[in-house]
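Below sits a lone chain in structure tokens, taken as the form predicted alone.
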């Protein structure tokens, strides 16, 4: 699984990355997690509001930080 956190590097972006890494660990999922801060790349995903979460090149979340349960559900569904 390839996970990307899209955003300018703000506090919310760092929070989403931390929560995502924690959820992946709790779910025993293996993923390559990277941060994307390049604005043209972010816009290329169609994201206009950050932070955003991209899993396997699909935007699954944008514009807010999800609850832990929401994040787990997103990652489980993406892993299937």
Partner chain sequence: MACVWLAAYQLNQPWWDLVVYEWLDLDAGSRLGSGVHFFLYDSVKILLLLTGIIFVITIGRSYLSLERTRALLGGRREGVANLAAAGLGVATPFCSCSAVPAFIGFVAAGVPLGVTLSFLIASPLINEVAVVLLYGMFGARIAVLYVISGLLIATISGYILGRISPARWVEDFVYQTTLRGTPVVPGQQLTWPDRVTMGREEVVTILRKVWPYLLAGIGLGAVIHGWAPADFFTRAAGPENPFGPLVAVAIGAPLYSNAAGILPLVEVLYAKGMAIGTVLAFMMSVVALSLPELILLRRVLKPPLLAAFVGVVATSIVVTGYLFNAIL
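Positions refer to the first chain, counted from 1. A quick note: this is a predicted structure, and the numbers were derived from the prediction, not measured.
One more form of this protein exists, namely the form predicted together with the partner chain; it is left out here, but the text below deals with it.
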Q.
Check residue 28 for me: does it contact the partner chain in the model of the complex (non-hydrogen atoms, 4.5 angstroms)?
A. no
Q. Any chance residue 47 has a heavy atom within 4.5 Å of the partner chain in the model of the complex?
A. yes
Q. Does at least one non-hydrogen atom of residue 64 fall within 4.5 angstroms of the partner chain in the model of the complex?
A. yes
(Q) Against the partner chain in the model of the complex, would residue 15 count as a contact residue? Criterion: heavy atoms within 4.5 Å. (A) no
**Q.** Stretch 1-27: residues contacting the partner chain in the model of the complex, 4.5 Å heavy atom cut-off
**A.** 8, 10, 12
